[in-house]
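Presented as structure tokens, the chain that follows is alone, the form predicted alone.
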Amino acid sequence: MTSLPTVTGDKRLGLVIDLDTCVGCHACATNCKEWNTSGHSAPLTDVNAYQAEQRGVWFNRVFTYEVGGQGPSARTVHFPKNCLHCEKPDCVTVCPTGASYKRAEDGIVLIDHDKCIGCKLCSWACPYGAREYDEDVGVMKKCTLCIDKIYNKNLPEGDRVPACVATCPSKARHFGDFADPDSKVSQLVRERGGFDLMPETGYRPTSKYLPPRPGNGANGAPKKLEPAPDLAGAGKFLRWVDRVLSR
């Protein structure tokens, strides 16, 4: 089985995803597919792309839910899902070949496709459904945080962000270093009550979600925004997502 790094670097790179501002446009999924199908994890296979029963490899997927029943509390919530680059990822430690590994220098979880035998143990160990099996190539694939983009010195510094972040029209996705308390992602987590998805697993995801803000009250006055330090305080919708992903 594969071991996690015993010594870590100065960076913990990851994403903050704002469930309040995501509009469910799927731009993140589309641009991720476009970049990565010719990048580090290429190709991202599609089967029956223009026919019925289409399937393939997607590192970003967006789910949409109607929550709150009927009336003033009802709302639509869009829930993007991708690898969270956990601090304690069992998807790495179950790997029998060392193909799945966590980088010491920045905490990014990757797969060495030359070592992967397609056993799918990592996908069974991931409670977030972030591992994708490429049936054409016979190996597992996953989000890389676009390492071939964020470390590409041929790009302007402002463009060195994951494809999903660069393309998001509502600025619902943010990229940065969680090891830096003054980074934008760290500040957002503190100010908006950013939380771990399914903290009971003990995986300690690096990437965080920001909860939807409360809507207006019955009299039209905005409800006071309460911080959500854990999943229990994130509302019925997020607890429901937790149950679905735990199945």
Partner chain sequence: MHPAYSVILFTTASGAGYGLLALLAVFGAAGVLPANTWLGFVGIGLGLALVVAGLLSSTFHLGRPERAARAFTQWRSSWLAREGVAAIAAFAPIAIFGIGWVFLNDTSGPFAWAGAATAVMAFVTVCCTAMIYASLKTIRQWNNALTLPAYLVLGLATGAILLVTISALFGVYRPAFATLAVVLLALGLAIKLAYWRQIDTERPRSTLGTATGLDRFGEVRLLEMPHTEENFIMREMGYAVARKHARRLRIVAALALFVVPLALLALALWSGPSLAIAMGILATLSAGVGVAVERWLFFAEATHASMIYYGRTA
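Residue numbers count along the first chain shown, from 1. Quantities reported herein were computed from a predicted structural model and do not represent experimental measurements.
The protein also exists as the form predicted together with its partner chain; that form is not presented, and the subsequent description refers to it.
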Q. Tell me, which of Ala42, Leu188, Val62, Ala179 has a heavy atom within 4.5 angstroms of its partner chain in the predicted complex?
A. Val62
Q) Any of the heavy atoms of Asp114 lying within 4.5 Å of its partner chain in the predicted complex? A) yes
Q) Heavy atoms within 4.5 Å of its partner chain in the predicted complex: does Tyr151 have any? A) no
(Q) So in the predicted complex, is its partner chain close enough to Gly107 to count as touching (4.5 Å, heavy atoms)? (A) no
Q. Taking heavy atoms and a 4.5 Å cut-off, does Val77 contact its partner chain in the predicted complex?
A. yes
**Q.** Non-hydrogen atom within 4.5 angstroms of its partner chain in the predicted complex for each of Trp124, Met140 and Pro211
**A.** yes
(Q) Within 4.5 Å of its partner chain in the predicted complex, counting any non-hydrogen atom, which residues from 5-24 show up? (A) Leu19
